[in-house]
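Taking the form predicted on its own, here's one chain by itself in structure tokens.
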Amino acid sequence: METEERAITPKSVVVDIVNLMNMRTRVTSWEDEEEIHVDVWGDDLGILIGRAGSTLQALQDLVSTIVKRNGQEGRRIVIDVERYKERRRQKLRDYAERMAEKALITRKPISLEPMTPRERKIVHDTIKDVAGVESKSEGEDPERRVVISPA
């Protein structure tokens, strides 16, 4: 008797993981030419996000490794839980704008807390649109941070 093997997709891996965790979720996915997005919806999903998104990043790395090891996909895999990443992006933009304003008022550089490379890019991209300030990254990971200075 032959068993039909299910394709290993980012969505199927996420579904398997949340099922093993006995979580009631709805998992959706969509894709474009560069990325495959998997979105997880449900109640009490903070455990999938973790502190500052650390568990979510680990989940994304794990799913990417599983899928790519099985030769199923070469595109970047992006996993989000309850739109956490979009909310975090907006908070970072707002924070960067407030700190840019503070740097303009005080005429002194403002050093932000350490961030991941992706978070620093969001801050740098936001600062590009603020007149009179500039940004640069200083330090070594994991303590690398953005410094916003008057131009």
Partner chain sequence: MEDNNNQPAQEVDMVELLEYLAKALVDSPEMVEVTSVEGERSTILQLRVDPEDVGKVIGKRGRIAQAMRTLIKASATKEGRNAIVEIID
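Residue numbers count along the first chain shown, from 1. Note that the structure is a prediction, hence the values are computed from the model and not measured.
One more form of this protein exists, namely the form predicted in complex with the partner chain; it is left out here, but the text below deals with it.
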Partner-facing stretch of 33-41, 109-117, 83-91, 59-67, counted where any non-hydrogen atom is within 4.5 angstroms of the partner chain in the predicted bound form:
59-67
Taking the partner chain as it sits in the predicted bound form, is residue 54 near enough to touch it, meaning that at least one heavy atom pair lies within 4.5 angstroms?
yes
Wondering, does residue 131 line up within 4.5 Å of the partner chain in the predicted bound form on heavy atoms?
no
Closest heavy atom of residue 127 to the partner chain in the predicted bound form, within 4.5 Å or not?
no
Decide whether residue 47 counts as a contact residue for the partner chain in the predicted bound form under a heavy atom distance cut-off of 4.5 Å.
yes
Where, within 18-44, is there a heavy atom within 4.5 Å of the partner chain in the predicted bound form? Residue list please.
20, 21, 22, 23, 24, 44
